[in-house]
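This document opens with one chain alone, in structure tokens, the form predicted alone.
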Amino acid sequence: MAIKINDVSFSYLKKTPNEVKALDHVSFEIPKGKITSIIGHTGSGKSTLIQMLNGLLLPDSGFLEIDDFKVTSEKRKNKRIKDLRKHVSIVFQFPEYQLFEETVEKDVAFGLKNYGLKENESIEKAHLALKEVGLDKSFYKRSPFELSGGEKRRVAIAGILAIDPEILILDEPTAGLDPKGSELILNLIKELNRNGKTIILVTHDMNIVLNHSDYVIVLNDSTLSFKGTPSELFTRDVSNYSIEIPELFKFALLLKEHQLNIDIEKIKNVDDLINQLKEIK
């Protein structure tokens, strides 16, 4: 297993009248090499959890095991935090707002220089990362501020990929993008996963959960409410989770209720449903 969360708790404004419990004795595992979505309403603990996976926050109690890294409440025991942040990288919501260099290639190379690489090495790796996100050399010298929203998002992801993390966390990866831009980002995420990256998505979009996730974690009021496959989630009563079952899945369930032999576990998109309907005799 790539990631184990072991009885983790965390509060903001600790020991004050305004203390807020963000995570309350949460335990679960995230499998290596898969795409896992973390969902839940605002304030459920999602953002706190992903910052903990990257070492930006430390648990008040419990611990996290991320491959051979361990994150605990004791700062003196977390000596490898810088290495952890190279191993687990986060692309925050609207990461393009964090672009600041004068050219695309310099922006992507910035993080590499922080890890001690020389200028020419950083630029070379930046070019490879830009190619990986589908941006060719015509983008290298352009200002990141003149790009489209989707292109900016890909530049921001390239800046993370240049560091070559094993685990990539994306917070609302399609937020603010038009359908074409969203499709490009989601196809990129799938390709990164096919190439061996463990992907963690934080999203409110249940179509992303259905279409692109192998597993899903639901946080509700700072606790773990569900862990399993998307189809297992969408066949449950989700009224307490403040989520909407995707229309495609609702339709598939309706067909199954009418005695059509459909394997719900295999329904991710329209093509999956069509292929199953073709096989019915």
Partner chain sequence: MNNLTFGRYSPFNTCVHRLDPRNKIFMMLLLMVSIFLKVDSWSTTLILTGFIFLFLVIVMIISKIRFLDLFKSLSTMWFLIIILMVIYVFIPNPSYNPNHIAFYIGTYGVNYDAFYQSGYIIFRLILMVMITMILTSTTSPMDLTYALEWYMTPLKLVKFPAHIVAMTLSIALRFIPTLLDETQRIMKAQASRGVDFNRGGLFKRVGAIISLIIPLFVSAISRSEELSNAMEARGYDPYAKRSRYRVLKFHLSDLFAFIIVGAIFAGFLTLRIYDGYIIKIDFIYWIFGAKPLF
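Residue numbers count along the first chain shown, from 1. Between two forms, the rigid core is defined as the largest C-alpha subset superposing within 1.5 Å. These figures come from a predicted structure and were not determined experimentally.
Missing here is the form predicted in complex with the partner chain; even so, the following discussion is about that form.
Residues of just one listed stretch (134-142, 192-200, 120-128, 96-104) have heavy atoms within 4.5 Å of the partner chain in the predicted complex: 96-104. Ile163 belongs to the set of residues with a heavy atom inside 4.5 Å of the partner chain in the predicted complex. Contact check for Gly111: a non-hydrogen atom falls within 4.5 Å of the partner chain in the predicted complex.
Though the partner is left out of this view, Leu57 does reach within 4.5 Å of the partner chain in the predicted complex, counting heavy atoms only.
Taking the partner from elsewhere, Thr223 is found to have every heavy atom lying beyond 4.5 Å of the partner chain in the predicted complex. If you take 15-39 and check each residue for a heavy atom within 4.5 Å of the partner chain in the predicted complex, you get Lys15, Thr16, Pro17, Asn18, in sequence order. After superposing the rigid core, the Cα of Asn261 is displaced by less than 2 Å between this form and the one not shown.
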